[in-house]
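Only one chain is shown below, in structure tokens, and it's the form predicted alone.
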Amino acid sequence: MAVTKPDVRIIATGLFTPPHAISNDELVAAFNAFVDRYNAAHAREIESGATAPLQPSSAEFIEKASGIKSRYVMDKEGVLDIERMTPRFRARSNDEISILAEIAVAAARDAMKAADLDARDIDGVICAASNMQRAYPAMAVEIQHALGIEGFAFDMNVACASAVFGVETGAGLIRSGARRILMVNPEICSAHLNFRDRDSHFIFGDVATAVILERADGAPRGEAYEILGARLKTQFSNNIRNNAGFINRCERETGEAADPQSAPFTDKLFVQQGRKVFKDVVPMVGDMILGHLDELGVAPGDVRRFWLHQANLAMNEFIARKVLGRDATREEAPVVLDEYANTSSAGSIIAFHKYRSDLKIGDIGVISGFGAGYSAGSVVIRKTA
């Protein structure tokens, strides 16, 4: 199918980066101190064979397994405190802005400044993220209120693919009559991560991103990327899961208040079967992108840049190789994973935000997110201004 005339474009992005960074060495030092203490406290059980000893981690293991070298977090002290090993956030009253809304507003203002827009220029807000702070009121409505935007707002969660789903949803709202939509991705992933689990304690970081979309019915005032098409896909899998829902987040089966680091609470945090995820998701996403490009009449070799979800370096490399039929260069598939770690829905938007200034008019790129669900999506764009 040939490319049809696009009717929606992306005109700006925004980024909020937390003030604190944790290197692999710092994270490993805290984790290994916890391991040493645990093994000493359970020495008799370990010696008898009743309990398996915990294994230490290393910076080399983390980088080899994931490509991650560091991550930004909203609270560094709580994560590295081996008595706690989870972020500590001050309880806020209902009259204060929520922490998730706060970082989303910061990213949104960055995008609005880049596009030279104010609240009167935007008709709706979508908060698309994996790690929502509460069930209701919707985070999006609070963000809308803080920004002074009239109109409407709502939340959506499609895990790590939330941003691409949010872009396509925003485009649909514009086609239905909205002038501009603000789509934000605030992710405080550190609050859902088990920092005492060797296989996953290094994966996630915190961040917030924003994207502004508008109707493509006139000359843009600044840079613009027309949306050639979007493709979305979901397939149920338990291989990536987080059970911290509003029903079971804070209770054990007995109804007692749970220690967030106790055994009964571990499945309320992020868990995954990484090898199965890799085996399932890589071909699914590669085939989805190839099929989408073919549908639009775009040859893979004509794509200037792939802004892929920053989950795992090897995963991104395999997906790019499947699409291109060869290894992608860092210019073709830029990486922010080493600095930011996995930031769930925000990862591909960080890459797009940071690595697009060199594109020329007419260059085509693909924004793609994928993760739990399974969920996956691709948005094909072309620079027009």
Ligand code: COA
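On a predicted model such as this, the values are computed, not experimentally measured, just so you know. Numbering starts at 1 and follows the sequence shown.
In what follows, reference is made to the form predicted together with the named molecule, a form of this protein that is not presented.
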If the cut-off is 4.5 angstroms on heavy atoms, which of these, 335, 29, 43, 65, is the one near the named molecule in the predicted complex?
65
Identify, from the list 286, 300, 274, 229, the residue with a heavy atom within 4.5 Å of the named molecule in the predicted complex.
274
Check for me: heavy atom within 4.5 Å of the named molecule in the predicted complex, for each of 180, 304 and 365, yes or no.
no
What stretch, of 103-111, 200-208, 76-84, 167-175, brings heavy atoms to within 4.5 Å of the named molecule in the predicted complex?
200-208
Would residue 156 sit within 4.5 Å of the named molecule in the predicted complex, counting heavy atoms only?
no
Residue-level question: is residue 56 within 4.5 Å of the named molecule in the predicted complex, judged on heavy atoms?
yes
Looking in the predicted complex, any heavy atom of residue 213 within 4.5 Å of the named molecule?
no
Taking the named molecule as it sits in the predicted complex, is residue 61 in contact with it (heavy atom to heavy atom, 4.5 Å or less)?
yes
Which residues within 157-195 place at least one heavy atom within 4.5 Å of the named molecule in the predicted complex?
160
